[in-house]
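Next up is one chain by itself, shown in structure tokens, the form predicted on its own.
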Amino acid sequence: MAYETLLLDRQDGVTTVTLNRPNKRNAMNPKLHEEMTAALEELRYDHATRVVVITGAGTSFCAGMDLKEYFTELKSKPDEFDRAGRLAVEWRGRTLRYYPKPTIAMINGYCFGGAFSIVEGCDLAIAAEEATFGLSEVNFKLFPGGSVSKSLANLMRPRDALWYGMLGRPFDGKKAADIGFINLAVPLANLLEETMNIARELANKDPHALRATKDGFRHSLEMSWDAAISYSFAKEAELVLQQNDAWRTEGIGDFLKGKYKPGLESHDQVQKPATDPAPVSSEQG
């Protein structure tokens, strides 16, 4: 379907979703929340899409919520304000976090306020060193509301969250990587190439194993030790059914046949077996 506030580009199993309001620094208005909700639902069942990358058009990733369209124009429309707020929280705070496919935030420029929840909701985040991050809410007498405070609590150390939340000072991509808010910061000129290399690497891995990895991590955060262990064994049994036991027969099996070393390479890199493969030990190496 066609979108007014988004651009979708599909290549090599990777779909890039670009927030497309460059004249507003890709600030999120109610329309964008509606369209992101629809786009993520569309891509969920698009079998050609194995990885989703989210970025912004122009020189910005996302400037947060559109202050005028959301906070001001909907002030006298409580039902519309509530609906927009629910959509805004849902796609960033729950849909992305539990999405069945790997997601990557590619932060190319300004990343403020509500955009922090996009970054936190994605599985991985790569930013330009020149990108500018900031929690500017306190500067206009607000606080990091909606899902943003939870995003800070999930990813940032308390000292960092309160430092930037209370002072409203900006920081760059290098600092974002230093404090663990993102995985990696690279020069802007290399951002697209680096991000797509990671995305393609993910796209070549088993999708069931990737989803189980995400589910095991996300849900275990909310469980007791015993519940987490029980859930993990249940996911393993589920994976056996989904893959027809391929992780054992192919993943471990090809390792034992000497075809690859899972500690150093992925099973998708396995080549045709040699005529007389050398014997290997039963340990990864």
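Worth saying up front: this structure is predicted, and the values here are computed from it rather than measured. Residue indices: 1-based, along the sequence shown.
What comes next is about the form predicted in complex with acetyl coenzyme *A, which does not appear here.
Chemist: So which of Gly121, Pro102, Gly113, Gly173 reaches within 4.5 angstroms of acetyl coenzyme *A in the predicted complex, heavy atom to heavy atom?
Modeler: Of Gly121, Pro102, Gly113, Gly173, the residue with a heavy atom within 4.5 Å of acetyl coenzyme *A in the predicted complex is Gly113.
Chemist: Scan Val51, Ile54, Ala63, Leu32 and let me know which has any heavy atom within 4.5 Å of acetyl coenzyme *A in the predicted complex.
Modeler: The option sitting close enough to the partner is Ala63.
Chemist: Is there a heavy atom of Phe71 lying 4.5 Å or less from a heavy atom of acetyl coenzyme *A in the predicted complex?
Modeler: Phe71: yes, in contact with acetyl coenzyme *A in the predicted complex.
Chemist: Given that the partner is absent here, does Leu256 sit within 4.5 Å of acetyl coenzyme *A in the predicted complex, heavy atoms only?
Modeler: Because no heavy atom of Leu256 falls inside 4.5 Å of acetyl coenzyme *A in the predicted complex, the answer is no.
Chemist: Report yes if any heavy atom of Asn197 sits within 4.5 Å of a heavy atom of acetyl coenzyme *A in the predicted complex; otherwise report no.
Modeler: No, Asn197 sits far enough from acetyl coenzyme *A in the predicted complex that none of its heavy atoms falls within 4.5 Å.
Chemist: In the predicted complex, does Asn183 have a heavy atom within 4.5 Å of acetyl coenzyme *A?
Modeler: So Asn183 does not count as contacting acetyl coenzyme *A.
Chemist: If contact means a heavy atom within 4.5 Å, which one of 157-165, 205-213, 137-145, 83-91 is the stretch that engages acetyl coenzyme *A in the predicted complex?
Modeler: Flagged stretch: 137-145.
Chemist: If you look in the predicted complex, which residues in 22-40 sit within 4.5 Å of acetyl coenzyme *A (heavy atoms)?
Modeler: Residues within 4.5 Å: Asn23, Lys24, Arg25, Ala27.
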